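So this first bit is one chain, no partners, the form predicted on its own, shown in structure tokens.
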Amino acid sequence: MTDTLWHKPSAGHLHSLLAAYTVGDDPTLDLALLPFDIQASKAHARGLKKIGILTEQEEDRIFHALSDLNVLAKQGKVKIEAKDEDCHTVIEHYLTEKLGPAGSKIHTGRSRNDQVLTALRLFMKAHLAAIRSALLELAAEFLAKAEEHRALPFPGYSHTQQAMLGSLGHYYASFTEHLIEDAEFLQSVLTHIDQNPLGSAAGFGVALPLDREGTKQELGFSRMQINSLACQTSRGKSEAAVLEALVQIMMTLGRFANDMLFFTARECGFFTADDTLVTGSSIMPQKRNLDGLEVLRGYGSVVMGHQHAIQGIAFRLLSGYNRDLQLLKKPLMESLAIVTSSIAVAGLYLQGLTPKEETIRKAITPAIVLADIATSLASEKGIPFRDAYVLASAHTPDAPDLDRNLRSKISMGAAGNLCLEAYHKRLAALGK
């Protein structure tokens, strides 16, 4: 049996039930962290060479061994056993097996605490950057739809009842703006967590002149997280910040999913769905179910639940490391995966749901223009709005000119003044 990194020759082995209980899902979850832990281990090795702990030859051999391990991991040839506990043990045991005493030097000045901190930061940075890019791509797709359908009348809803007239372009543009805001918020979180914790060790530093500034540069962090204890107690806070950004995204995508489930129901029938986006029923031959949208809507609640779990786990822990923090990995990783796939699924439905213009126009009730008539009466006749409101309510037109009504909505951001160029500029500024 391979000993844990903390095992002492004079001590007995931990009870097998307790060992399995405390290790939990780490052997599976840490496979995703392994490449980032290898990256951080390379940076740490270079730092150890700078302060004379490793010779140039030892540092070179460690670097190449870590590169070999990374290749094996990409090929799926690395497995983390329960007895290993985590990816940190795998790395150290691999180096020791390959390099002997030189490999065992890698843990000098380092704790598994700052190892996991650093690997998680790199992991979160990589995934948030990819999600940000996907968000901007989806925002651009919604913007293209807004331009394509800017003149198509579309009912706006209040209290789930037809309220005032908008356009389908106006509807799509609302999601463009939300997605841009979500990407901007995510970027602020990415900036917040972009700081180097490596060298903080177990939370209390070490009696070595570690080149923390060098590892910051090596790992591509924008700034240093200075206080070693603050590094450790940022576990949970960083993950909670990431989850808040992910919740905001799922709120946007979940609203789109819920809307489309309503708009595609037979009672509305505003869109037709591509055959590749529907499932069927085991008993009802006529069914065309948009299961993907229902799952997308449900996943929003899952991510929110993960956010609450992370906050609850990290809340009121004594300053320093606590094993509770291990339980943050699963909700964090699962939420990142959910959001990544949900963005892609939302894009599929955006492209695969085709508006039925004739059906939409027929479904719009004549009374939908009454608020605009009241506003016009108050503006043109100079009468108090409440008087205009009463007059308008008594004169519902039989067949209002919907296109003319749309053009009359000239306030900024209204259906007749979508200001779509502003979104193009924001997307360009964000790198899309």
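All residue numbers are counted from 1 along the displayed sequence. Note that the structure is predicted; figures quoted are calculated from it, not measured.
Below, we refer to the form predicted together with another copy of the chain, which is not included among the displayed structures.
S.K.: Spell it out for me: taking another copy of the chain in the predicted bound form, does every residue among 41, 73 and 133 have a heavy atom no farther than 4.5 Å from it?
M.R.: Not one of the three qualifies.
S.K.: Contact with another copy of the chain in the predicted bound form for residue 267, defined as at least one heavy atom pair within 4.5 Å: yes or no?
M.R.: Residue 267 belongs to the contact set for another copy of the chain.
S.K.: Classify residue 395 as contacting or not contacting another copy of the chain in the predicted bound form by the rule of any non-hydrogen atom within 4.5 angstroms, answering yes or no.
M.R.: Judged by the heavy-atom cut-off of 4.5 Å, residue 395 is well away from another copy of the chain in the predicted bound form.
S.K.: Give a yes or no for residue 175: in the predicted bound form, does one of its heavy atoms lie within 4.5 Å of a heavy atom belonging to another copy of the chain?
M.R.: Within the cut-off, so yes.
S.K.: Would residue 77 sit within 4.5 Å of another copy of the chain in the predicted bound form, counting heavy atoms only?
M.R.: So residue 77 does not count as contacting another copy of the chain.
S.K.: Of the residues 202, 144, 350, 82, which one places a heavy atom within 4.5 Å of another copy of the chain in the predicted bound form?
M.R.: Looking at 202, 144, 350, 82 one by one, just 202 meets the 4.5 Å heavy-atom criterion.
S.K.: Quick one: from 29, 34, 65, 370, grab the residue that has a heavy atom within 4.5 Å of another copy of the chain in the predicted bound form.
M.R.: Exactly one residue meets the criterion: 370.
S.K.: Among the candidate stretches 223-231, 123-131, 136-144, 350-358, which one is within 4.5 Å of another copy of the chain in the predicted bound form when only heavy atoms are counted?
M.R.: The contacting stretch is 223-231.
S.K.: May I ask you to list the residues of 133-160 that have any heavy atom within 4.5 angstroms of another copy of the chain in the predicted bound form, in sequence order?
M.R.: Counting only heavy atoms within 4.5 Å of another copy of the chain in the predicted bound form, the contacting residues of 133-160 are 156, 157, 158, 159, 160.
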